[in-house]
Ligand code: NAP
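Read the single chain below, which is given as structure tokens and is the form predicted alone.
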């Protein structure tokens, strides 16, 4: 029997997930949608789906078994708490929430419920290249990881909508999460350096160099450039005691012709990670059908929130900003 899903938020990412759930994947039906703009929800709703007046109505509906949250970040706390109270599995696009206090509330509610219901949309963990890189690290043949270099380059971002804080509180969370996952380590402190500002971004503070200091002593360097012009370029390289392992460039096809030898660059995040998005939902559908969640957890969303908060402090202070985490609840030990 197909899992009956409701989608909250029908903007760009919500529409893309509705397309994925209705046209790409099996074992799922989108039976309801909700959005602060009803006309947008009506336009995005699949045939036969109910357009609910509020997210709360969707969450409470007996026809909805699991929820996908694609609303703006400040609304996530209330919606997540509603899903947990209703005992319904929920996929939440990043950010999990927008403050440490909100993350703790969601975590406390889920722990009190007794088992996992929340999966956070950190899709890089589902990318085949990242999974192969993690398998090399976990296999131990290269020894302990010492350094990881993560590069995150966007061709451009929307002028006036993407602010100077967003590289650190929006873009960085993906690099922070995948670094924690690859190295099986927690970030204990953050430094930020701002190089010469790119003229392409106007008043936007861009690019950034971020140092993530891990509990083991490993250091992650993250380069974030959001007006690089040439494409969407994601790279990663881990230096270990006995060797180095790196992500391949994507797409992998190399073209040789009279203009030379070249490799195409993806235009945007959808082109680069479309298969990862599909896979994260395949795995979510299976878990949600069993009344639970796997993959990136509320704890992972909490950790990413702390990293973003520390990075915002660090870019202002110019100093090392420490991260203090609560003790990890047993619920998330095997996540």
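Positions refer to the first chain, counted from 1. Since this is a predicted model, take the numbers as computed values, not measurements.
The same protein has a further form, the form predicted together with the named molecule, not shown here; the description that follows concerns it.
- Only one of 276, 70, 28, 31 lies close to the named molecule in the model of the complex, with a heavy atom inside 4.5 Å, and it is 70.
- Proximity to the named molecule in the model of the complex, defined as a heavy atom within 4.5 Å, holds among 102, 123, 187, 210 only for 123.
- Under a 4.5 angstroms non-hydrogen atom cutoff, the named molecule in the model of the complex lacks residue 312 among its neighbouring residues.
- The named molecule is not shown here, but in the model of the complex it comes within 4.5 Å of a heavy atom of residue 8.
- Although the partner is absent here, residue 295 lies well away from the named molecule in the model of the complex, with no heavy atom inside 4.5 Å.
- In the model of the complex, the named molecule sits within 4.5 Å of a heavy atom belonging to residue 174.
- Contact annotation: the named molecule lies within 4.5 Å of heavy atoms from the stretch 115-123 in the model of the complex, the single such stretch among 187-195, 210-218, 141-149, 115-123.
- For the partner-free chain shown, 93, 94, 95 of 88-102 come within 4.5 angstroms of the named molecule in the model of the complex, judged by any non-hydrogen atom.
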